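The chain below stands alone and is given in structure tokens; this is the form predicted on its own.
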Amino acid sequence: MTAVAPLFADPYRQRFATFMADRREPEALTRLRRAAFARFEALGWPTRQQEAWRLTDLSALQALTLQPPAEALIEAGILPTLEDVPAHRLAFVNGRFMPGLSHECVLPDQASIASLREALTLHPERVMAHLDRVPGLEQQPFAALNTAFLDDGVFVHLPRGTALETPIHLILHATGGDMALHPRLLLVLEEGARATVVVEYRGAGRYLNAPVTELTLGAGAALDFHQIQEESPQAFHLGGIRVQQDRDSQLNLHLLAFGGQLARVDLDALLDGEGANCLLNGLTLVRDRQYSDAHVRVEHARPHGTSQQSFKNVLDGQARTVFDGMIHVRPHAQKTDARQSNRNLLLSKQAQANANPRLEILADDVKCGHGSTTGFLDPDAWFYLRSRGIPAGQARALLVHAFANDSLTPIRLTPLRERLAHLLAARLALDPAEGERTP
């Protein structure tokens, strides 16, 4: 008799059964969880035989025995702030909302900013009307796991015409311990609503963070969304972002990644209203053996839509990055203007950047373009700075800063932009032994 090797989904199956035992929640949410777990089982654990995952090595993550999140307490002083700016601040530690570390400002009538768990308790019908309704990420198994195991997160609902002048600051901190986190961020802006959101993922130790963010923008809505991934060098971040935009809506989405042993984001944006506009701005700094992966799909479904993608990577040591970008224009999405750019700066001959920009255009009256560049620092520019008496290490840092700082310029929230500039400068500081390294 031949023994059958267990499927990798088996431990997740037992974990899901334990997670679902004795849960008290809306029946609609239970059905949603079970459907999501069935989708995860159908998709299976990603392997490098799959095109979307062929450059993403998950063997180190697969070898871990991940545990449910543990309760932990941290001091407020280790959490970042938006200095001198009042903010609606929600803090989470190991996936659990921490009221003592949070701060709520006065909200306009009918507006809601709350932990997802609280919102499901107080207004389940309002949450379920939007949860898991944005299309995209259907083939992403970690997005399915997130829906199956979501326990807490953020629910933001801004009614029609609500202009939220105070930024929303969301902090999700992990303390490590081989645990799996599945935070869910659900943001709904109805017609004409406006908001600025800053999301920060931070942590220490080794863990899996698999968040999913859903952004729904009604007609004429405007959202500045910033995601900063500054996690532990031992962390695994496998996140997903889904966006749906209605007529004349405006999204400025900034993705900044500095941490993690392995970090991947899958982003699906659907411009489903005439005149919808989105800016996708990404900056990744990786070094040593860090790995960063961005898969971006922007789908233009209606006429007169515009999208601009700009993703930059700075790589040192034996770091690796992947950019896989797609612009898809449907047959009736005439007058679309879509651009895609990926630029990679290599600071080491051992670093490797992979780029796969793509277009699928099914309309005949569009302006679309894409491109990718990969290279080292310009030796002439470096020599020019050296000839002016600037030390080698400082000259190198200045050139790298000039390349990367362009990604911070579009950020309109000044305190955040300044803090990120300081972070960028700190990351580019060289060890004394590196001071004479040439481009």
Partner chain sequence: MLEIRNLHVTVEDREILQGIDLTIRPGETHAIMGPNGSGKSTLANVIAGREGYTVTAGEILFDGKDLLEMTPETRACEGLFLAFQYPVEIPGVANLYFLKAAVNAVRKYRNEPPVDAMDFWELVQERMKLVKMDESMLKRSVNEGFSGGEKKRNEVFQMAVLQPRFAVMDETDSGLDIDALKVVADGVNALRGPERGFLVITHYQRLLDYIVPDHVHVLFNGRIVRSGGKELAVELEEQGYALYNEEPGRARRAA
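All values derive from a computational prediction rather than experimental measurement. Positions refer to the first chain, counted from 1.
From this point on, the text means the form predicted together with the partner chain, which you will not see here.
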The partner chain isn't shown here, but in the model of the complex, which of 36-44, 380-388, 366-374, 61-69 has heavy atoms within 4.5 Å of it? 380-388
Please tell me which of L408, L413, L32, L399 lies within 4.5 Å of the partner chain in the model of the complex, judged by heavy atoms. L399
Look up in the model of the complex whether A28 has a non-hydrogen atom within 4.5 angstroms of the partner chain, and give yes or no. no
Residue contact check: L55 to the partner chain in the model of the complex, 4.5 Å heavy atom: no
State yes or no: in the model of the complex, is some non-hydrogen atom of Q50 no more than 4.5 angstroms from a non-hydrogen atom of the partner chain? no
